[in-house]
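Below, in structure tokens: the form predicted alone, a single chain.
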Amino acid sequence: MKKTALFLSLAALGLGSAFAADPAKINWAKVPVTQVPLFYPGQSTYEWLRSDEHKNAAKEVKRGDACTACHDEESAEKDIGNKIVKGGRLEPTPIPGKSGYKDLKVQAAYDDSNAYLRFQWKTDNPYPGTEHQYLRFDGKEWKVWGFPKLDKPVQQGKEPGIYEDRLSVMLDDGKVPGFNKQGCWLTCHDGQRDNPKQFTKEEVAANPLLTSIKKSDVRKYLPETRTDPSNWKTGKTVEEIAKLKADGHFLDLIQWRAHRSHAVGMADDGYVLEFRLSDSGRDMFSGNSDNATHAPKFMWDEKKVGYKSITALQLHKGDHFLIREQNAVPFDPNAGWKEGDMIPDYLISREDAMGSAADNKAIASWKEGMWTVVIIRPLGLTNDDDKALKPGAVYNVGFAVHDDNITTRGHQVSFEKTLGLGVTKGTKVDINAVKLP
């Protein structure tokens, strides 16, 4: 079986002329490294932080104190994560072998055109998590196969745990109340997927805000978009939320995905306001399942890659990206399909990505158990769904890594941090991007 190279250079992607500096050639040895501790949060939602269960701290949280005002010990993240991941009130379904803590190395640089954010972390698994769910032929029809480890089919042993590795960056320019103190917890709530009091389809169908924005579940949102900040059902009007967005009261959300964006040298661009939303335009990935037949829309081009599908035996043996303009052809229902044949459930395309959703580029490599990811973000974006990065400015940031075939709350996250772009020595920040020569 042919393999796709795990290191995707700018030249290979045909993007070399898009940058003032080639991030693959930046001398990162001269750029300071910040060690950012990440920990497993379980179901420690916004609501839990403000409840009596958050012993001796709920009052401080409601007052607006920073999480780090209490959790200021050097080993705080490691102690919290290693405790929660084992199970208990904040983790009702512990994942065997899941790590509670992870070191994230962060470096930052910029030139006249872009910011370059470099990340490194060790994966829990001895292979890169570049797989995502598949469409599998069962002899009669095509069905989704493989789920994240927190999903019931995996918990019950009926399906394998399959999900891409992912790195997320939340970014605020100071306009989101509370993010500089309590970070990502402002976006994580009861009612969301895999959290307490998870939504029902009936509740979503009856909710005026979610029906107006055509959503079928509950995902990240900011408390400011609800009349009751702790109740997802109490959404403000679309007009009120549009005013919040116009005033910059949203978080930028940059996500590098080891399957759905890595294959084409990108990181997707979204934001969090009343929901976790994509920027305007079009993402670099889309569903590959036909709505009517559930069969794939595209399959691999056998003439180019040597196969039209894979089986479970090929998992984690090479990369299995289905890229429209490189190795895909329209699906042929009469191609002699056999039980166990699998085709990716997502189609990836650099050519189809457009608009604000296509702002971010990325290069990445996995070697000896470690991902190295460089996200390239243009400076001075003027889109109404972006936070513009500018030299001399300071931003509030939060980081998260999804690893080990898992999503939703199964990540490791950071407490709130600050990122500066070439700020003066008198300005205190956790990470200061250096100006490239």
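Every value quoted in this text rests on a predicted model; they were computed, and no experiment measured them. Just count from 1 along the sequence shown to find any residue number.
The next section is about a form of this same protein that is not shown, the form predicted in complex with a small molecule.
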Quick one: is Trp185 in contact with the small molecule in the predicted complex, heavy atoms, 4.5 Å cut-off? yes
Any of the heavy atoms of Asp384 lying within 4.5 Å of the small molecule in the predicted complex? no
Is there a non-hydrogen atom of Ala295 within 4.5 angstroms of a non-hydrogen atom of the small molecule in the predicted complex? no
Should Asn56 be counted as a contact of the small molecule in the predicted complex, where contact means heavy atoms within 4.5 Å? yes
Exactly one residue in Ala66, Val373, Ala400, Leu389 has a non-hydrogen atom within 4.5 Å of the small molecule in the predicted complex; which is it? Ala66
Only one of Val36, Val394, Ile26, Leu49 gets a heavy atom within 4.5 Å of the small molecule in the predicted complex. Which one? Leu49
Counting any heavy atom within 4.5 Å as contact, can you tell me which stretch out of 314-322, 89-97, 199-207, 297-305 lines the small molecule in the predicted complex? 89-97
